[in-house]
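Just one chain follows, in the form predicted alone, and it is written as structure tokens.
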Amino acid sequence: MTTRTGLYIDGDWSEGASTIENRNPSDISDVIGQYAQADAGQLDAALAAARRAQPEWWAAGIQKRHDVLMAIGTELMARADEIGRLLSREEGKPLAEGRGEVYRAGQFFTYFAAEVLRLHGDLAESVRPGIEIDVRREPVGVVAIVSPWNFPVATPAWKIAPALAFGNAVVWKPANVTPASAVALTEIIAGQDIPRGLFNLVTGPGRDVGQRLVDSADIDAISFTGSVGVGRGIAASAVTNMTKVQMEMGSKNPLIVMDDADLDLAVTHAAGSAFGGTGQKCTAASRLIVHSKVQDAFVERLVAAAEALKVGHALEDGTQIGPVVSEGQLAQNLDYIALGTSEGAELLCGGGRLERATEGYFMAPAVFAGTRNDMRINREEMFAPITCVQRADSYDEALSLANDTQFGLTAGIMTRSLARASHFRDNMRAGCVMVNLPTAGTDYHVPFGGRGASSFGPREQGRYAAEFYTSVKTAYVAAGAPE
């Protein structure tokens, strides 16, 4: 297991200008370590190193890049139990989810290892005689990656893997809440035969290190996952330098439950979507729009399901929901509970802090009923184990409510009607739509992203990732030109 707590810059591990303490949210007496914080000079050194290393990496060729990515992915999958335990210890998701996240991260790397060998160009006929045309993709250059704490290995993996696959250098600034996971992933990447400076880990506060990174003229592209407010700030900074941006931001995902739905399946998917990962997922279903004919029966079963979930230490057997990630996040969640009550919503269960054998940030999953779309709890992303039930008297009303949001990441419907399912797929304004499935849960080989305030720029994951991590070059060559 990792023992390093520093920065990784220009091929070397180094101490930071200062440190932060990292504690286990399941047991705040458990100090995981003191982790480095970079200063401006260290960030600038990382940027300079990445700029030097990138051409060498591109020149190394596709077989080299394939082999390196395959080795990273294989090691991540082999060490899923070990690194997954560390991830769950510092982030708070149940151990099974921590292991699964690390294994999935490995799959991202092995997938993009294969994509390295599938990066083909195009030949085209010219409208002018005697001219040949080829179209190819080349790396954008140096990519800044800013990743969140809720998936501290998987989210950076689906950004780092394509960045390296397509020949770019990386400067990674992870969330300060989960530095141990960042170090563990970096150790695996650093252990490969790659140019010095190609990959750099620079931890630090967003207001200082993160802002300096996105403001820098030495980066060519920024891939960010986080809040809408921060994303808008990054976009404004990027415009100054004409930096390419890719951003995944907020969400307020609806799950519609129609009167013909299988209610047992609907409750299972609603509870899993709303409360899985302690609700700390951008794909969580925080709005449940339920047909009036089945609302009472659905709500009764949903409350029973929520109350039956085992909330506990992330590393304990049988835990289904771990703690909230931090004291600040827990305080914000409890504020939303108070807000929902003040807005007139009915709190049917949960919403309070829980005591367990260890002192941690445990919260009971909450269900609000009698909610409306004009309530803030139905407009703002809470990132909490809180879901809000809304009533709809028809499919058309349910679809209208679902689309009444600034966001558009994922959305789902539970129905036995093929006609409704098809209409929903065509008319729901979201990047990912689910039929008789949870709103949370996507595959790694297809594009992921949303609409509205949820996303900005090219899609992530799958073959669509090439749109962000590469630049298209069109070459015109006169036939018979002198050598």
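The model shown is predicted, which means the values in this text are computed figures rather than measured ones. In this text, residue numbers run from 1 along the sequence as written.
Just so it is clear, the following notes concern the form predicted in complex with a small molecule, a form of the same protein that is not shown.
With the partner removed from view, the residue among G250, G370, G351, G272 that has a non-hydrogen atom within 4.5 Å of the small molecule in the predicted complex turns out to be G250.
A single residue from the set A182, A261, A366, V214 has any heavy atom within 4.5 angstroms of the small molecule in the predicted complex; that residue is V214. Partner contacts here mean any heavy atom within 4.5 Å of the small molecule in the predicted complex, and among 229-237, 262-270, 357-365, 190-198 they occur only in 229-237. Residue contact check for S292: none of its heavy atoms lie within 4.5 Å of the small molecule in the predicted complex.
The small molecule in the predicted complex comes within 4.5 Å of no heavy atom belonging to P385. Using a 4.5 angstroms limit between non-hydrogen atoms, F224 touches the small molecule in the predicted complex. In the predicted complex, R287 stays away from the small molecule, with no heavy atom inside 4.5 Å.
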